[in-house]
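Let's start with one chain on its own, the form predicted on its own, as structure tokens.
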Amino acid sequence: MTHFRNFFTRKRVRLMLLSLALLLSGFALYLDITVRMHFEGKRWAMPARVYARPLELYPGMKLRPEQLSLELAMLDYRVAADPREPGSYRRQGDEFTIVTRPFKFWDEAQPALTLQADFSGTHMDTLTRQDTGKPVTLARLDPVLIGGIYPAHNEDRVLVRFDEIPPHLVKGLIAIEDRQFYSHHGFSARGTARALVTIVRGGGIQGGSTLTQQLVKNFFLTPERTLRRKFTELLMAMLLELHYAKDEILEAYANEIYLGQDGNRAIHGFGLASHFYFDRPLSRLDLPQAALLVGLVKGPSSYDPRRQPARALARRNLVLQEMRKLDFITQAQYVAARAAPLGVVEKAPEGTSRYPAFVELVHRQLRRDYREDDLRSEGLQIFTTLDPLAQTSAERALTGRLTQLEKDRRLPPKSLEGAIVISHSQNGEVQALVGGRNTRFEGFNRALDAARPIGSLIKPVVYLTALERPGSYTLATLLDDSPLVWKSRGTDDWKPENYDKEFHGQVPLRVALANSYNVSTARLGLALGVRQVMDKAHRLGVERDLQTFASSLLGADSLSPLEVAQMYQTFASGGFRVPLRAIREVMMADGQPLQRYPLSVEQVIEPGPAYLVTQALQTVVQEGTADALKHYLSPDLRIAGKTGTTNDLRDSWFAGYTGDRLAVVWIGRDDNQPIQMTGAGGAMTVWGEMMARLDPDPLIPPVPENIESAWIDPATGLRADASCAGAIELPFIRGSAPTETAPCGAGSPVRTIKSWFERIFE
């Protein structure tokens, strides 16, 4: 009986052991598949990197020396007495010596160049190569990195191959982290035994990991400390060593390891850490710098060289000491490296979005063509239209003027908000975009999402609709600016008023727009048809639905600054609708071209009416509501623009364009309370200050073939000549100029009789 019971006991044990073996085999097989699948596939999600436009240098270009200095500062070029390293320069007065960084652009790879640039006033006079003395017709600086579109947890890294890792760094890792790396099979028997003893004694789960185990923990597992996870880590480390060479494992480790934090961006891998701490490629690190990065592995926060330099120095020296013990470095190297400073750059190169509002626009435009997962994982290189010089001018003007306006009007500090959009007036490239007075805030983007009533900014659309009917309306047509009561079934009577609370009788069309008269504009719009005017706004580029109430003629509808910019872009480009775009090209992570975003143009306004509207908007600046712009910019620039103010002075707008740039500025409050300022008193001052820093080109639009000029008597709107008092010369679509002569005009009956009497009594 006892023998029989023993037989069944042994059988049960064998079955249990067999089951356990099968279970372990299945688990090991599962881990093996997991290891190989993840290690041989795409290992890391790589963020998209977003670049500004590259600054192109050429003789004769309009650029002031201080603007070049600012661009070089944004690129983190270092000032050097004798610049030789890429990314360094020297300025002596108006002369620059620049060693550019090599960079692979969309169309070609440009090597590092040593350039000599000389300035004369506001222009670059000469550009030559210092090594050959030969003139250079065109050279590009590498573009400013303005942000990224990051994967989950905002991990960022620069991938490096094993042969790009400095030998000192590899030896440092071996010395301080895992001396048996090249001889063990993924784990250290001694370390594992020591950890087991600690666990048995109740000391909890201990570390004691090899480099392979560290990689497994970071790459495949969670940070939890349990026996099951530790056992899994051990198995996976053995499997990793079974399938892959030591150098492959070390390369993966070098790209995976967490080495610091930059705001909400996590710095992973030695490749990015080298740029983050030393602003140079990993391959160019010296011994003490490599040792410092190795020292950070133990605790990037505890040994942060910027915040904890003493701890970081001690940790670095410990790494050097261990390297010396193993004869990885000589005594002389050790002594020299210990004496070296940390060498960390004071300010980390920008990585998170330096211009979050603009990057948000780029992100939205990219979503039209790319999946979100691809944007956050494929390492795309996005080349945008952002002009850092224009962006800097916009940010400084907005933040500075808002503070001053609050003081002048005794408004609570920080109560005003604002937004700016700047684009190229001809090709629609967005050069700058400010989403609020806190320009680094990655939140509500007022330039894109703050839809506010646009007030009088809609009026040029009303006048364009009229001027497209040259048989009925010209710039000289007299409009009725007498009291208006508009009755509509189901609504209260609408009684528009002018800002000055006056009525002006018969006023020329151009004067009504220049002075932004509400009543005459409303009468004109009602005569044209509200729906026709709103359809014209859509034709100009507004995609949002617009109401067709009478009040819509005075800007009751709400648009964002970007939508206003799109509408005015069509005026600025002479009647061609050019979609605003923030992207030029997209490249793959390996530098292969992927997609271009070429210029797209559609003519939506005939050249004649577009020209007349620009002429009228120039009158707004010369003698209308925006004439105070002359305090910021020369009248010779012949700027075209329009002020906008909404009910109870809640919004202040200005939209205008020069020969090379279009800009829209909005000022208001997020709680929609009155701000006690008009478009001229608020937004226009920001616009003027901003443009003054950008040296804009004068606006001289080409005259269409069907435009002719005629002298007009403004009082009557009739034809005159240059000798008439107060007569002005205006453009007309051919055949639309008045034929009836004003009393002062040559050939008029009054002038003829007057001349007859003058001859009698002479």
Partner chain sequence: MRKMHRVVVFAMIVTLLAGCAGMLPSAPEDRPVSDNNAVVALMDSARTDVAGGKPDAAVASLERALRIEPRNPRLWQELARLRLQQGQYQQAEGMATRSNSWAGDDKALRAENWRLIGEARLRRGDHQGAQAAFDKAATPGN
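Just so it is clear, the model here is predicted, and its values are computed rather than measured. Numbering follows the first chain given and starts at 1.
Not pictured, yet referred to below: the form predicted in complex with its partner chain.
- Think of it this way: in the model of the complex, its partner chain has a heavy atom of just one of 601, 340, 193, 159 within 4.5 Å, and the residue is 601.
- 576 is the sole member of 576, 181, 486, 103 with a non-hydrogen atom lying within 4.5 angstroms of its partner chain in the model of the complex.
- Look at 279-287, 239-247, 423-431, 668-676: in the model of the complex, residues with non-hydrogen atoms within 4.5 angstroms of its partner chain sit in 423-431.
- In the model of the complex, its partner chain sits within 4.5 Å of a heavy atom belonging to residue 58.
- Within this chain, residue 311 is remote from the site of its partner chain in the model of the complex, having no heavy atom within 4.5 Å.
- Of the heavy atoms in residue 705, some are within 4.5 Å of its partner chain in the model of the complex.
- Among heavy atoms of residue 138, some come within 4.5 Å of its partner chain in the model of the complex.
- Looking at 102-118, the residues that come within 4.5 Å of its partner chain in the model of the complex, counting any heavy atom, are 106, 107, 108.
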